[in-house]
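Quick setup: one chain, the form predicted alone, written in structure tokens, and binding and motion questions come after.
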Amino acid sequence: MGIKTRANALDQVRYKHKFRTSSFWVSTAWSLIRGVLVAGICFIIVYPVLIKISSSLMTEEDLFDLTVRWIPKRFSMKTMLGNYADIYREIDYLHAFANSAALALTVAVLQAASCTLVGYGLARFKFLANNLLFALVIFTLLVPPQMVTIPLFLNFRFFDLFGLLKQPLNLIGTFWPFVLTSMTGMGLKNGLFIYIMRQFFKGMPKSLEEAALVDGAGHLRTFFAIMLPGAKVSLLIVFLFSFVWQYNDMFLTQMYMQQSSVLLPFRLESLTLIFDNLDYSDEYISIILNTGMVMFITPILIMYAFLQRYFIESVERTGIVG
């Protein structure tokens, strides 16, 4: 009986060892497959950026050289700095970037403030047509901005503040359309931002507000002292999304600013005309355009590099997917 028991115990040990070994190899194989898939997807995403970076470091001869694929043969610091120096000089890069960054920063701050207030009101106060208003907020996500182009343009071209101004103002060509729409929660992608803030405040416990009310705090003090500090995560993601979308936007910016030369996207758009007038070859102009795109996206990449940890944490805690 003892011999059988020992034999059974040895069989169980062998079986467990075999099972652990097979599980290890299965887990290792799956990790390799997953790593290859993730690396492939990442390469597909960053491939256009890598192409532009590589092209921005090339010369005209490299473009015609069939042996050059990624790394230019005639690469030198003079060539690299020459391409970027041409862009910096011709489009007045620093001034144009400062204007675009200031506009995006202003819009991001105002949208974060207005969407937070609207989201808090929809989440924590019960009033008539609460659900209807929230449904209309979601509906704004489904309406393409092209459908309201003419009303928006006419509204700011002949802005009379609901008839209160005797002489309408022309706000086209200024930053005021962006400021006014952001302040009132009607800016670019504001429906999504209101949704994010509403869902966050809706998930916060009511005991926080009840405790503040017992201590004598009003609704405004409760919001600013209790609820708002706990919403830093959602505020950060709304701010980042708003900044990036406004910085990259061309449709509304082109409509409101009317091809103003003070913003970086319009300066980059005029690169072809600028270098055509300077009698550069088409090949060199393609290099210049790629260099300009690299200079355009570099500030966003730098900002993401510094805020990556907070950005990922914000996405995870707010439950945004897709």
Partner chain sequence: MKNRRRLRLTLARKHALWGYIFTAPFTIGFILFFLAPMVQSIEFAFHKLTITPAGFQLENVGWENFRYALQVDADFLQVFTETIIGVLVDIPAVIIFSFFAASILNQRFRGRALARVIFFMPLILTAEIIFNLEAQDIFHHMRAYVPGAVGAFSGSQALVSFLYQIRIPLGLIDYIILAVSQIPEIINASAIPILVFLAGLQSIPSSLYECAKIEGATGWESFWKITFPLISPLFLTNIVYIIVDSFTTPSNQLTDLIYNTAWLRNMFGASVAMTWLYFAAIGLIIIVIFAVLARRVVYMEE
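The structure displayed is predicted, hence computed values, not measured ones. Residue numbers count along the first chain shown, from 1.
Not pictured, yet referred to below: the form predicted in complex with the partner chain.
Novice: Spell it out for me: taking the partner chain in the predicted complex, does every residue among Trp245, Ile297 and Leu301 have a heavy atom no farther than 4.5 Å from it?
Specialist: Yes, because Trp245, Ile297 and Leu301 each have a heavy atom that approaches the partner chain to within 4.5 Å in the predicted complex.
Novice: Between the options Ala102, Leu208, Leu165, Val148, which residue brings a heavy atom to within 4.5 Å of the partner chain in the predicted complex?
Specialist: Partner contact (heavy atom, 4.5 Å) among the options: Val148.
Novice: Determine whether any heavy atom of Asn155 comes within 4.5 Å of a heavy atom of the partner chain in the predicted complex, and answer yes or no.
Specialist: Yes - in the predicted complex, heavy atoms of Asn155 and the partner chain come within 4.5 Å of each other.
Novice: Find out whether any non-hydrogen atom of Asp282 is located within 4.5 angstroms of the partner chain in the predicted complex, and reply yes or no.
Specialist: Yes.
Novice: Tell me, yes or no, whether Phe241 is in contact with the partner chain in the predicted complex, where a contact means a heavy atom of each within 4.5 Å.
Specialist: Yes - in the predicted complex, heavy atoms of Phe241 and the partner chain come within 4.5 Å of each other.
Novice: Is there a heavy atom of Lys232 no more than 4.5 Å from a heavy atom of the partner chain in the predicted complex?
Specialist: Residue-level check for Lys232: no, no contact with the partner chain.
Novice: Which of the residues spanning 128-149 lie within 4.5 Å of the partner chain in the predicted complex, based on heavy atoms?
Specialist: In sequence order, Leu128, Ala129, Leu133, Leu136, Val137, Phe139, Thr140, Leu141, Leu142, Val143, Pro144, Pro145, Gln146, Met147, Val148 come within 4.5 Å of the partner.
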